[in-house]
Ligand SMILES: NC(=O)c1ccc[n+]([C@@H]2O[C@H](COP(=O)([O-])OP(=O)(O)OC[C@H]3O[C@@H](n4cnc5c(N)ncnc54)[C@H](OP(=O)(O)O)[C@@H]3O)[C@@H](O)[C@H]2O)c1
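Okay, here we've got a single chain as structure tokens, the form predicted on its own, with questions on binding and movement later.
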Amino acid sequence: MHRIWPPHAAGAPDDGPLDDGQLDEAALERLYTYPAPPWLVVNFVASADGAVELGGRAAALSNAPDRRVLQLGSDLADVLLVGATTAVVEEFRGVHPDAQTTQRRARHGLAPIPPTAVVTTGRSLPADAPVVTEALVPSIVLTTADAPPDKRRAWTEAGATVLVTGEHTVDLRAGVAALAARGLGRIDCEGGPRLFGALLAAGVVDELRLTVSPLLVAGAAERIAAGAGVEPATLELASVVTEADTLLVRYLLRR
């Protein structure tokens, strides 16, 4: 991978000599390491014309560079955060670590496997969803007091930890605080658009990691944030990396 921005490597003095911008695995890891928690990152891949899905799935837009930084995000996180619809459509199974993930997490003093926190009001997450039944560590369901008691009981019986963080809708600020209170302060959100929009409205997003996939798809696909409008958030460019015609951009949200 090649770093376009910033002009200097992480940790190098701003007035020092410029390097060639080539990133080996260690340099890429430094670039994508989380600041001190709490810190919430949102990841998205979109086509060059702004579509967030192709044939109904975001995975169809992804490629090797995107998957590489997406894995870095989850490898270095305490917990993954995902909307229930996205988890079901993308057949999300939680993290099943390979040797690289295991070594990386051990090196950073992280738990061997990060849990997945799923946001749902109760209707969109069946108890037999792979994110619940196939996760290697218990998933966390962030839900509401209105969620049917039998559904909450079914999630628990399937192995999930259920946290009620709202009456009629999930209070995401309370949900993020509940995760942080469990020592899960480095939060890696992997979609979808409505969850991102709600997180923006709650004011809990610290960083956006956006992959621009070298595809044009047209159609009526959603953009990366959906739902009720929010006051426009000002972004600060943190890094731009490129590989195989793909742009990988990190933005920090200014408070």
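All residue numbers are counted from 1 along the displayed sequence. Fair warning: this is a prediction, and the values are worked out from it, not measured in the lab.
Below, we refer to the form predicted together with the ligand, which is not included among the displayed structures.
A.B. asks: So in the predicted bound form, does any heavy atom of Gly83 sit within 4.5 Å of the ligand?
C.D. replies: Within the cut-off, so yes.
A.B. asks: So, in the predicted bound form, is Gln103 in contact with the ligand at a 4.5 angstroms heavy atom limit?
C.D. replies: Gln103: no contact with the ligand in the predicted bound form.
A.B. asks: For Arg57, is any heavy atom within 4.5 Å of the ligand in the predicted bound form, or not?
C.D. replies: Because a heavy atom of Arg57 falls inside 4.5 Å of the ligand in the predicted bound form, the answer is yes.
A.B. asks: Does Ser74 reach the ligand in the predicted bound form if we count a contact as any heavy atom within 4.5 Å?
C.D. replies: Residue-level check for Ser74: no, no contact with the ligand.
A.B. asks: Within 4.5 Å of the ligand in the predicted bound form, counting heavy atoms only, one of 103-111, 177-185, 132-140, 87-95 shows up; tell me which.
C.D. replies: Careful reading of the contacts points to 87-95.
A.B. asks: Using a 4.5 Å heavy atom cut-off, are Glu53, Thr120 and Leu172 all in contact with the ligand in the predicted bound form?
C.D. replies: Yes, the whole candidate spot contacts the ligand.
A.B. asks: Tell me, which of Val69, Ala198, Leu31, Leu215 has a heavy atom within 4.5 angstroms of the ligand in the predicted bound form?
C.D. replies: If I apply the 4.5 Å criterion carefully, the residue I get is Ala198.
A.B. asks: Select from 180-205 the residues with a non-hydrogen atom within 4.5 Å of the ligand in the predicted bound form and write them out in sequence order.
C.D. replies: In sequence order, Glu190, Gly191, Gly192, Pro193, Arg194, Leu195, Ala198 come within 4.5 Å of the partner.
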